[in-house]
Ligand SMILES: C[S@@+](CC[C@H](N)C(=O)[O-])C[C@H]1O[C@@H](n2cnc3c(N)ncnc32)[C@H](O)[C@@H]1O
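Form predicted alone, single chain, as structure tokens, below.
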Amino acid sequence: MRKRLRKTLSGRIPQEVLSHVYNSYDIVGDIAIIRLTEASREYRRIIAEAIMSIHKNVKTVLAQISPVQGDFRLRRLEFVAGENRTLTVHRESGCLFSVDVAECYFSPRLFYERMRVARQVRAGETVVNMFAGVGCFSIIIAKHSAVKKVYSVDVNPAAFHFMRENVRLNRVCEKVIPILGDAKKVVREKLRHVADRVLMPLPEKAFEYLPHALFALKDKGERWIHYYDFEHAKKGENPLEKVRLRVAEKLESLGAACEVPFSRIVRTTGPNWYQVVLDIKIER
């Protein structure tokens, strides 16, 4: 698709601008979200029309004009072409997710991770999702495993609203329990030692919240944390090893022994920057 976009744009915008067109873009439901450089901004309408010609289901194109930031992980969006709206329904792994991309964080790039984690959940487990957003991880787990309960926590009221709607849409009300609030406080007040498995799909906050993830885990049995982080690695450095060492050190300081049987680079997020995941097994 990347090659096809530039091929579609060839002859429609100057050749010297083509190299400044970002190779990747997100498609959430029927909305495409693109990034623009100073060189390509003038041709944003043409780029948007090219994307809509490639993806016939795309009805709206928005441009991201700020990085993802703040406690709610939001990015500022600018309308470019098509229907002027930010609300859509995204389909993934047999589930439906209603989302307003201006009010809630949503990444279609985590689709593999969501199913990968769901396939590890065992029958009868209780899961705590500390950063649930509109409920993607939680609902996919509920639909694709024999999980007992998923306590699905998010601090963003808009995300909580859509999470409740998505729980209803996917008919998982008996399994997924949406909770509005900061995961630190929610775990302390409501979810002490209830979980067989804790999800931490917010790289910006995961390290800070590790003590609370431990507090959510049961005292006995097989216990897991799915931990996501960002890591910088220069040439010759291993980003996975850097995260493993930092997390193991932190857990040891909290009195927890662990092993990390699986880790992977989820995606690159910039020059020498990586999003990584560790599957952490807590031994004691």
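If you're wondering where the values come from, they're calculated on a predicted model, not measured in any experiment. Residue numbers here begin at 1 and follow the sequence given.
A second form of this protein, the form predicted in complex with this ligand, is not displayed here; the remarks below concern that form.
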query: Per-stretch contact check against this ligand in the predicted complex, the hit in 116-124, 147-155, 187-195, 82-90 (non-hydrogen atom, 4.5 angstroms); finding: 147-155
query: Contacting member of Asp100, Glu165, Glu78, Asp182, with respect to this ligand in the predicted complex [4.5 Å, heavy atom]; finding: Asp182
query: Close approach of Leu202 to this ligand in the predicted complex, 4.5 Å, heavy atom; finding: yes
query: Exercise: Ile141 in contact with this ligand in the predicted complex, heavy atom 4.5 Å; finding: no
query: Distance check, Phe72 to this ligand in the predicted complex, heavy atom within 4.5 Å; finding: yes
query: Proximity of Leu210 to this ligand in the predicted complex, heavy atoms at 4.5 Å; finding: no
query: Residues of stretch 130-155 in contact with this ligand in the predicted complex (4.5 Å, non-hydrogen atom); finding: Met130, Phe131, Ala132, Gly133, Cys136, Phe137, Val153, Asp154, Val155
